[in-house]
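Given as structure tokens, the chain that follows is alone and in the form predicted alone.
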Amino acid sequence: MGNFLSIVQLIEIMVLISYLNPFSSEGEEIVREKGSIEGIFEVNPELLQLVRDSKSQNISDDSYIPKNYADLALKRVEWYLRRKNDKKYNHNDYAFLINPKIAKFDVISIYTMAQAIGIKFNPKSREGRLLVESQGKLVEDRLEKLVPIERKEVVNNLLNQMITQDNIKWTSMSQLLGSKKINLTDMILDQGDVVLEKEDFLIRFEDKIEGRLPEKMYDLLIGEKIKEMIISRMIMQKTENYIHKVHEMAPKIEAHPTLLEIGEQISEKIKELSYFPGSGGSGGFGGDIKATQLQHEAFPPCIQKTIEGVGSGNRNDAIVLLLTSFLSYARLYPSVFRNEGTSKISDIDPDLQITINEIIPLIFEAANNCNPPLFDDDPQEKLNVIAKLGFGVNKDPELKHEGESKWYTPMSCDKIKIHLSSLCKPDATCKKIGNPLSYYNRKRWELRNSGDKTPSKSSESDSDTD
């Protein structure tokens, strides 16, 4: 009888599964029981009590206490951004997110968020990315807080639900691999199969391991950490897939006003919490990502020459690859090389007004200065400019298209020397750096401190990547 779970234990496991994977059958059942979006903004006494009863929860400040489903959704956004960027972040302010008893409220909140984002924004928007990333991080945090026996049981149940076949082919994870949520090097493979279970590992590798205990090697290479990593990535992918599904259906249905309002509130919350002074920078959704006015006198020689106009042999690469990336980062995110992670233009320019009214006109003006004018000969390159800003091959930058392509960082000096040698006329500052953006940051510092002959330590710390 020791191998059988009691009814109470089974119920607890089902709650934990929905708490970790809202897109499980258990999570879907919670959504069906709720039935409608009505009451999302109404104060919910049960939720209030569960939050206040959560272990270590800060209850001295009511601003941290979610009062309804919509408020809980916004607290998730707030938790993730503050956790990521705010040095004053205190996990006790959001302890309720690690309380399994809020599962049914949490499931409704994430479905509400996903629907609001899918209807109002592109799935690859900063709002969509934040929901996907935060869900993955929350799964990791929640698993970490479970007691070991319970944790192992839940992990195995989740894997059995999400991966039904006995022999897991790496090709079955094509979505995760394609979206770069997981790499082949993260897993142990044998003849195309992903090896996760200890028994399977021992059958395949026991005879091949010398000098170490096979069981210890399993714990070292796989153990629970790889299973949990796969679970969190698969739940992230399910979250992303659900947003895509809603986004595809959105044009065919009339959006509920409540969802539109929540989508707007999520967007405003991201704007509000996207910059924490002194945070040191941490990539997308915050850090020291901050737009600054362009200083043309700090532009490197290659950029100055490109703006003045280049000949037919270099026009395309100079405008589309070099100038587009340089101007966009110099105006919006000059510190990109000092930070980890990635960003998108809307993280810094939420309504794209700077991009549309300042950056693109400068690029198009330089294109018109070419001999002959670039777009007269090759109008397709206008689309390529928009693509290099991260908005796909489209006529204009629009939030709904953001993420269809990558926002490219400036070419390195080495690449400019090879591909645009006629533009590379180095001055004294060029010899100290390896990227036009690093030149720009150093020159800006020199201009601000023209009376001080000591080189800038902060400018020297800029990484010269391409």
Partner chain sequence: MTHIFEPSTLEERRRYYRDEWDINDLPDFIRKDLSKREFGFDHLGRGPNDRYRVFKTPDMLKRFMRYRSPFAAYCSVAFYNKPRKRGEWLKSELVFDVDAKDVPVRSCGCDSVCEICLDEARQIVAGLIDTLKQDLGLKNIHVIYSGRGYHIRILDESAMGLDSEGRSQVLKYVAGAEPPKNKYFMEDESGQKPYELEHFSIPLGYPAVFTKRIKYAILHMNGTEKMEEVNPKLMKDVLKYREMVQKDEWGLFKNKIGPIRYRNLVEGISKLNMGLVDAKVSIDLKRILRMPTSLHSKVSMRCMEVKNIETFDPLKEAVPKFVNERKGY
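Take the two forms, superpose them, and find the largest set of C-alpha atoms that agree within 1.5 Å; that set is the rigid core. Numbering follows the first chain given and starts at 1. This is a predicted model, so every value here is computed, not measured.
The form predicted in complex with the partner chain exists for this protein as well; it is not shown, and the discussion that follows is about that form.
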| task | Answer yes or no: in the predicted bound form, does the partner chain come within 4.5 Å of a heavy atom in every one of Gly178, Gly192 and Leu220? | result | yes
| request: Please pick, from Trp79, Tyr242, Phe201, Phe337, the one residue with any non-hydrogen atom lying within 4.5 angstroms of the partner chain in the predicted bound form. | output: Phe201
| query | Heavy atom within 4.5 Å of the partner chain in the predicted bound form: which of Ile356, Val393, Leu362, Ile209? | reply | Ile209
| Does Gln380 reach the partner chain in the predicted bound form if we count a contact as any heavy atom within 4.5 Å? | no
| Does the partner chain get within 4.5 angstroms of any non-hydrogen atom of Lys400 in the predicted bound form? | no
| field | Contact test in the predicted bound form: Glu197 vs the partner chain, heavy atoms, 4.5 Å | value | no
| query | How about Val43: is it within 4.5 Å of the partner chain in the predicted bound form, going by heavy atoms? | reply | no
| query | Okay, which stretch from 262 to 270, 182 to 190, 243 to 251, 348 to 356 lines the partner chain in the predicted bound form, with non-hydrogen atoms inside 4.5 Å? | reply | 182 to 190
| task | Superpose the two forms on their rigid core, then report whether the C-alpha of Asn316 is displaced by 2 angstroms or more between the shown form and the other one. | result | yes
| message | When the rigid core is used for the superposition, does Lys55 move between the shown form and the other one (threshold: C-alpha shift of 2 Å or more)? | response | no
| query | Is Lys305 one of the residues whose C-alpha moves 2 Å or more between the shown form and the other one after the core fit? | reply | yes
